[in-house]
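As structure tokens, one chain now follows by itself in the form predicted alone.
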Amino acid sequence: MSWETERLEKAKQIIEMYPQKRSALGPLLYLAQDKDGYISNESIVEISGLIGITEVQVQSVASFYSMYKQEPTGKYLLSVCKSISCEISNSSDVINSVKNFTGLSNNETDDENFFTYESVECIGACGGAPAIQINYETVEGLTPDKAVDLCKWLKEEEPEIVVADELQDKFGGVKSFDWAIADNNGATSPVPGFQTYDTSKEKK
């Protein structure tokens, strides 16, 4: 088995939440990505055995959705939106500032496995364009200079938990709407932060 006992126990708890085992495939892929930074062949075999579908079926889902990574991802996944609302709000300059700072092109990871860069389609923050996500934690109203400041901060601080509220306060601008409830929960890896799946933790 390629998964440690704790991850296997979490996988079994997730599977029990669904009427059919195979319905847990999506969350289990997030557990796999949280472990390795991408969907490894070993995890595909593990998931196949846990939910009783073929490895090809697991791989077909893992390779279809862009949030499941096929290659190792850096500690911080930088996802800059390039959709129309962000584009007309100058996202191209934000994209260029991030690419220039990191030295990365689309879907590349640096030699230190620190940053992975990607240009993405709509991330649901059109009213706060341009927007970026760090490990799927959203920052709205970003400027090119603030995008560089954000990358520098990540380099210097190396936060173990990435929290959207903190990033927004430090580097963001106009938001789509008032987020209303403060939230100190954030992502612990380049995987969306879900408390149910233990890919989210609270920053004290």
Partner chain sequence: MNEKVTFTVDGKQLEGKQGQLLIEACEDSGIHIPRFCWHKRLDPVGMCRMCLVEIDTPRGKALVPSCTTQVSEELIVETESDTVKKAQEGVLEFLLINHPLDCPICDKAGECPLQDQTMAYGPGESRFIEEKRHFEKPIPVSDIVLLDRERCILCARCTRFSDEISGDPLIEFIQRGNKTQVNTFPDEPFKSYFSGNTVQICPVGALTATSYRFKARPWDLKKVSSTCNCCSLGCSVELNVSQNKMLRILGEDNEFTNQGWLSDKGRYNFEYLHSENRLLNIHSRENEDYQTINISDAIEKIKNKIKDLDNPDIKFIIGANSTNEEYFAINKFANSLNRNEFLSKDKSNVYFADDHIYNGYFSEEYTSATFEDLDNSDAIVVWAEDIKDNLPVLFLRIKKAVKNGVKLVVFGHTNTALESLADLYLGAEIVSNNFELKTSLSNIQELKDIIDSKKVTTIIGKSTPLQKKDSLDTLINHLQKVSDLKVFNCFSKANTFGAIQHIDQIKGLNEFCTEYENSNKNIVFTIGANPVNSSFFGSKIKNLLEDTDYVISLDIFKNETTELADLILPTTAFGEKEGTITNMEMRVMKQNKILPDPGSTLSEWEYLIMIAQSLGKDINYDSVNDLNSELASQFTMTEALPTFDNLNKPSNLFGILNQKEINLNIRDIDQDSSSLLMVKRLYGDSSTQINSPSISMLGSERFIELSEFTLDKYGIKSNVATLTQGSSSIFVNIKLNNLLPDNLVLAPINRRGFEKLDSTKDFDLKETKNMKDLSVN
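What you see is a predicted model; the values in this text were computed from it and never measured. Positions refer to the first chain, counted from 1.
The protein also exists as the form predicted in complex with the partner chain; that form is not presented, and the subsequent description refers to it.
Contact check for Asn96, Ser105 and Asn113 against the partner chain in the predicted bound form, heavy atom at 4.5 Å: No, the candidate spot makes no contact with the partner chain.
Touches the partner chain in the predicted bound form: Phe177 (any heavy atom, 4.5 Å): So Phe177 does not count as contacting the partner chain.
Exercise: Val45 in contact with the partner chain in the predicted bound form, heavy atom 4.5 Å: Yes, contact at 4.5 Å.
4.5 Å heavy atom contact, Glu55 and the partner chain in the predicted bound form: Glu55 belongs to the contact set for the partner chain.
Contact flag, Thr143 vs the partner chain in the predicted bound form, heavy atom cut 4.5 Å: The answer is no: Thr143 has no heavy atom within 4.5 Å of the partner chain.
Segment assignment from 146-154, 131-139, 28-36, 47-55: heavy atom within 4.5 Å of the partner chain in the predicted bound form: Within 4.5 Å of the partner lies stretch 47-55.
Members of 53-72 lying within 4.5 angstroms of the partner chain, judged by heavy atom, in the predicted bound form: Going through 53-72 in order - heavy atoms within 4.5 Å of the partner chain in the predicted bound form - the hits are Thr54, Glu55, Val56, Gln57, Gln59, Ser60, Ser63, Phe64, Ser66, Gln70.
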